[in-house]
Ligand SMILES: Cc1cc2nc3c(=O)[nH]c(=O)nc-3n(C[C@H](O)[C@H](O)[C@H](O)COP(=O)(O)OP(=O)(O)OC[C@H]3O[C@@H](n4cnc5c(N)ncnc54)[C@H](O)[C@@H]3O)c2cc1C
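Just the one chain here, the form predicted alone, laid out as structure tokens.
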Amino acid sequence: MSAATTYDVAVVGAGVVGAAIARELSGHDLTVALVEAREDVGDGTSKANTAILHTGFDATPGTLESRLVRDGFHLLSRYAERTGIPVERTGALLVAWTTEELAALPELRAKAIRNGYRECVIVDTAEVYRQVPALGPGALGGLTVPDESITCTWTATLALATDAVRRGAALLTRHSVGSARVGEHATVLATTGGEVRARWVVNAAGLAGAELDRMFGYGRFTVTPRRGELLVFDKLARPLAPRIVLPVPSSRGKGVLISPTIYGNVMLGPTSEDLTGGPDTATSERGVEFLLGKGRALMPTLLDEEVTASYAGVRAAIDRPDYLVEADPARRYVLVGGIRSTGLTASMAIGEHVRDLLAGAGLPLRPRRGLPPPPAMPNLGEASTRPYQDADRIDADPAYGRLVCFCERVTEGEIRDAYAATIPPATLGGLRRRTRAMNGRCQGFYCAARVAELAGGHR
């Protein structure tokens, strides 16, 4: 569309929540723009989290978050089946290490029931160690959560954004919003990529959400960047963590966990550190030492395995106990703020909730006919067949048999496909999130040059 186009809705922020909202709205007879400050979708908070698909068992009952996480769990689970987003139903075990934590388990189970999840079971010490034999000594009991799952946040965000674009949404990357001017019929967003005009604006900007909210005349919340550092252990450690191991949650969140990943590794983290100098995704010596100390107590043998990567994500912590999702019909503006780490799970339910808010505020919503089918996403998970393992696929196209990244078993065919996709990678980091190339033991030491060469040939 031309620079003079006035979209019906501009969704600011192409993380998993913004992508889900854009996908939902573009399923109706609307013109939708997905506006993103960075070069790629899912390049902010959404790319660096624990990638757990939550049942919502421990959410605060009666909150908007609890409802949207519960509904989103089912929506995203079904969507994953249709699109190929990898999901493993590993289940989770919440472990009590003190008498106080053990005494809290019945209330946690009761909370789960109030949230509509009835599958939790309190288990004794023997069952805790039967389920996770590698746990350190001292566990007193536990609470099972059979349906907690691991997934790929990279693929989920890309699938939702791809679906939105195929349904007609315009993806506007490198469009950082500097100001908003609300007019009688449309709002003009001044961005680094030019002006974007829209009748309605949805603020799904995450860490920048409070700043954008102020552009619409509000001062209702503040965002404190909360850094979470994580350690990723080698794939040889995977048998130590057959399921997600959760601590008893505190007021600061779910605490440090041990979790298998969809890629075959084991993850330890996150830390929780409020930042005063703005978002900072650098890892720290203090954070690593803290996690190693936690790991030494939780699962001592895990520390015998090699750490292949450390990274940090920054969450948008706000001074509210719940999601903050509100519509302002006068300004034709919807705020989607305070979406914590549960936002991955809740994303599709948030999309439906925003749709309903817009309909209630007077935006005509007519389902679009002839929608394209959901995209078929490349499989990045270890639980099902990868291209290098598929003899029939290799016979049909030998590029899937030519390995480029030996640590992660990524082939030339997958790199070619990434650049032929609806939303191709804009950077090597984007290629990493689409294929796992350079994401293994050597962190690109051996394959980066060849990967860059192939990437250059497709740009």
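Small disclaimer: the values here were computed from a predicted structure and weren't measured. We number the residues from 1 along the sequence you see.
Although not depicted, the form predicted together with this ligand is the subject of the following passage.
Enquirer: Partner absent here, but in the predicted bound form, which of 389 to 397, 30 to 38, 429 to 437, 405 to 413 has residues with a heavy atom within 4.5 Å of this ligand?
Expert: Stretch with heavy atoms near the partner: 30 to 38.
Enquirer: Could you spot which one of 164, 205, 156, 94 gets a heavy atom to within 4.5 Å of this ligand in the predicted bound form?
Expert: It is 205 that has a heavy atom within 4.5 Å of the partner.
Enquirer: Go through 55, 66, 26, 45 and name the one with a heavy atom inside 4.5 Å of this ligand in the predicted bound form.
Expert: By the 4.5 Å heavy-atom cutoff, the listed residue in contact is 45.
Enquirer: Although the partner isn't part of this model, could you tell me whether residue 308 comes within 4.5 Å of this ligand in the predicted bound form, counting any heavy atom of the residue?
Expert: Although this ligand is absent here, residue 308 would stay clear of it in the predicted bound form, with no heavy atoms inside 4.5 Å.
Enquirer: Using a 4.5 angstroms cut-off on non-hydrogen atoms, would residue 342 count as touching this ligand in the predicted bound form?
Expert: Residue-level check for residue 342: yes, a contact with this ligand.
Enquirer: At 4.5 Å between heavy atoms, is residue 313 in contact with this ligand in the predicted bound form?
Expert: Flag for residue 313 set to yes.
Enquirer: Is residue 230 part of the interface with this ligand in the predicted bound form - any heavy atom within 4.5 Å?
Expert: Result yes; residue 230 sits at the interface with this ligand in the predicted bound form.
Enquirer: Using a 4.5 Å cut-off on heavy atoms, what residues in 276 to 295 are near this ligand in the predicted bound form?
Expert: Counting only heavy atoms within 4.5 Å of this ligand in the predicted bound form, no residue of 276 to 295 makes contact.
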